[in-house]
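Given as structure tokens, the chain that follows is alone and in the form predicted on its own.
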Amino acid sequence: MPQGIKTLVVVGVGLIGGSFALSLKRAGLVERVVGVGRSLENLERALELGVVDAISQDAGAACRGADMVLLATPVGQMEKVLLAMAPELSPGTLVTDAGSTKSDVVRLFERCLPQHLAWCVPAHPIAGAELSGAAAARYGLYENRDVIITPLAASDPHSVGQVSALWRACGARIHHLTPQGHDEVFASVSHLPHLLAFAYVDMVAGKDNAASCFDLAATGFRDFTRIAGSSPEMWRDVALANREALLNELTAYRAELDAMVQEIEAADGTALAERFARARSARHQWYQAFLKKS
């Protein structure tokens, strides 16, 4: 059973941060949640919905006396927040995050909180959606979802255990990866798909017959492009933060597209069918495993 949290500070009260707060409230593991953010309107909405119990636009002041801080902001905003927090954190205050990239977050923690690293535990809940804002927060978001923990070399094992236990209390499954290993995996299975969806929708929108394309698009278009409805700011930050691994994935994908172009130009139906069959089989195997653990 994880140790309860008297005061939890959530910086960025949206789907991820708000749902974490609600889940811990339902589990009886947090007494008070302070929401921090740039938008007063969103903070007031979080207060109205009961996602948080108090609000502040000053991250440093909000962190005084806190037992735990969750950074649920876009990665590009974290440095400013961490610098504001640094002089106000008490020894023992857990600091974690929910960023989609981890190597850059580790560097930020090391640069901004050098005296606090024993209590810093980077994490990544795999439960994102295209929804945002306090109204998107919901109970049960993390049930049967994966959360990746990427401890620092200086992270205290007790801190790692406490953060992991709190995510488990939300219903999540815990996995441990190195920051680099995390970024390589998610460049392939999360970051690249988002960039492809954004690029594809932008391409269609730029066509002379875009209105007709959108008017006649149906479920295939909907399913492929759902994640293009995600936050542009967040995914800009992800693309730049994980650019090395992502460039490797884009290069490999471009090579696959080039090979497919050659097969279509050559009217090589056999090669196309074999490619499609391999992809269909791999996707089927993945989906069956996904259903079993969901």
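Just so we're clear, the structure is a prediction, and the values are computed from it rather than from any experiment. One-based numbering along the sequence shown.
Below, we turn to the form predicted in complex with another copy of the chain, even though it does not appear here.
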Among 265-273, 63-71, 42-50, 26-34, the stretch whose residues bring a heavy atom within 4.5 Å of another copy of the chain in the model of the complex is 265-273
Only hit among Ala86, Leu195, Ile149, Leu152 for heavy atom within 4.5 Å of another copy of the chain in the model of the complex is Leu195
Practice item. May I ask you to state whether Lys293 is within 4.5 Å of another copy of the chain in the model of the complex, using heavy atom distances? Key: yes
task: Could you confirm whether Glu184 comes within 4.5 Å of another copy of the chain in the model of the complex, counting heavy atoms only?
output: yes
message = in the model of the complex, does Ala54 come within 4.5 Å of another copy of the chain, counting heavy atoms only?
response = no
Should Glu143 be counted as a contact of another copy of the chain in the model of the complex, where contact means heavy atoms within 4.5 Å? no
Checked 214-231 against another copy of the chain in the model of the complex; residues with a heavy atom within 4.5 Å, sequence order, are Phe214, Asp215, Leu216, Ala217, Ala218, Thr219, Gly220, Phe221, Arg222, Asp223, Phe224, Thr225, Arg226, Ile227, Ala228, Gly229, Ser230, Ser231
